[in-house]
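A single chain, nothing else alongside it, follows as structure tokens in the form predicted alone.
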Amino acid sequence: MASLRLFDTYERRIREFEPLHPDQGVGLYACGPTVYNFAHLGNLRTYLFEDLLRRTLEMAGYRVNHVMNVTDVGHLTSDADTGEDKMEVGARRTGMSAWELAEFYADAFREDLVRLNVKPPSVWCKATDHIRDQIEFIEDLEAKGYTYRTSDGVYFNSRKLNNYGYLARLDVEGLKAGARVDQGERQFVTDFALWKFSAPGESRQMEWDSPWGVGFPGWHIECSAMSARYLGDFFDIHCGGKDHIPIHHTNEIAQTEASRGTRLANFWLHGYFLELGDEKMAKSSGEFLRLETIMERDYHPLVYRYFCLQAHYRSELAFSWEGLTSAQTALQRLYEAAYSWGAPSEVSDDYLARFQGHLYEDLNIPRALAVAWELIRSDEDPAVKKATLLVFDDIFGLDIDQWRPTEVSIPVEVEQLVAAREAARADRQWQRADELREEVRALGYVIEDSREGSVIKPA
């Protein structure tokens, strides 16, 4: 079996993966949603990539301890630690309490994952359930001299670390020279909030007592604290979208290096963006593409899953309705082919080896998908094709074995014409067979021929 190789953002190269503690399985932490609104399609592409990674690890024989956080406090409207908490803003927008808002959108997010056949994490961890863990982490940073206080909070002193920003290869001095934003009382442009104080006279729904005063945690501290709680100070893989590289993940690493002496994870993997033309993606616009949006246009959620399988996770993927329709057509053909093969038998070792060879080379799913289509079009025994494709579907997650054709009531007149056409074909009366096909089409039905027989469908 080919070894599993993954691109590590921290080292900027593809490395052979080996678990840090083979007897304990693979520790995988994925940055989860900030639950102030619905997830958009771009968000969901990241979780599809992480599901692909998890399924690949499992195919390679590893047990995966998959931890995902839910950010229900502390994520401000600006990455520069200014503005309001997104949860408080969302509560005003909807009329719900911040707690109700968090529960509502967390449930909606989980439902999206179910629709997309994304495996649930082993552990869901909410920021608001781990305030004590975050406070203790900050206390440790304070004791080691990495913090300072301002009038609005406790901040991490990024200049105390010689290699701050290595993950993103940040030009820290260049950032200082080019800073165009108001730093407030921050001592340096890359310093970030660990704990924010509730403003005097402010009515916040989510706030807690702390050694520094009443307030709430910053965004970055939750992931360092909760990943350490469930996976330890140095675990196998940390995932997220590529937008997390320069700030959120950079700051997670800084906190953990200062407190625990590690870079948090042995591998850092990042999924790339879904790009749009005229469609909206940003939640701040108030109108954006959701999974519900495509379902309203009669696309099954797994069509979007297939659409995303067509691009490597480290490449941008351009969304279009035409592209989604093409994915729908391809998925339908895949389902129909697999269904027509009947019961599975044994798996083709050759096709499986080629499939895994691409998959284990940094999750090259487009090439693995191409192997699947080569299998579909091959002269292999149908039962072998079925068995092999079902193994592939452990990665694809398309529920191939569960698909059934829609029951269509075919009029007797059409069935008679099809039977006459079959007889004409058996007698090699090709012109008559073509004429009968056109008569069937005129009645609103089409005939699709294959080596397994003819299928009648509404036109």
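If you're wondering where the values come from, they're calculated on a predicted model, not measured in any experiment. Throughout, we count residues from 1 along the sequence that is shown.
Beyond the structure shown, there is the form predicted in complex with adenosine monophosphate, which is absent from this document and is the topic of what follows.
### Task
Go through R421, R55, H40, H66 and name the one with a heavy atom inside 4.5 Å of adenosine monophosphate in the model of the complex.
By the 4.5 Å criterion, the partner-contacting residue is H40.
### Task
Would you kindly say which of G240, G153, G218, P121 lies with a heavy atom within 4.5 Å of adenosine monophosphate in the model of the complex?
Partner contact (heavy atom, 4.5 Å) among the options: G240.
### Candidate site L48, H312 and F319: all three near adenosine monophosphate in the model of the complex by heavy atom within 4.5 Å
None of them does, since no heavy atom lies within 4.5 Å of the partner.
### Message
Among the candidate stretches 293-301, 240-248, 98-106, 138-146, which one is within 4.5 Å of adenosine monophosphate in the model of the complex when only heavy atoms are counted?
### Response
Selected range: 240-248.
### Close approach of G27 to adenosine monophosphate in the model of the complex, 4.5 Å, heavy atom
The answer is no: G27 has no heavy atom within 4.5 Å of adenosine monophosphate.
### Message
Is it the case that H75, even though its partner is missing from this view, gets within 4.5 Å of adenosine monophosphate in the model of the complex, heavy atoms only?
### Response
Yes, H75 is a contact residue.
### Query
So, in the model of the complex, is A228 in contact with adenosine monophosphate at a 4.5 angstroms heavy atom limit?
A228 lies outside the contact set for adenosine monophosphate.
### Query
Hey, in the model of the complex, is Y272 touching adenosine monophosphate, heavy atoms inside 4.5 Å?
Contact check for Y272: yes, within 4.5 Å of adenosine monophosphate in the model of the complex.
### Query
Relative to adenosine monophosphate in the model of the complex, which residues of 25-40 have a heavy atom no more than 4.5 Å away?
Sequence-ordered list: C31, G32, P33, T34, H40.
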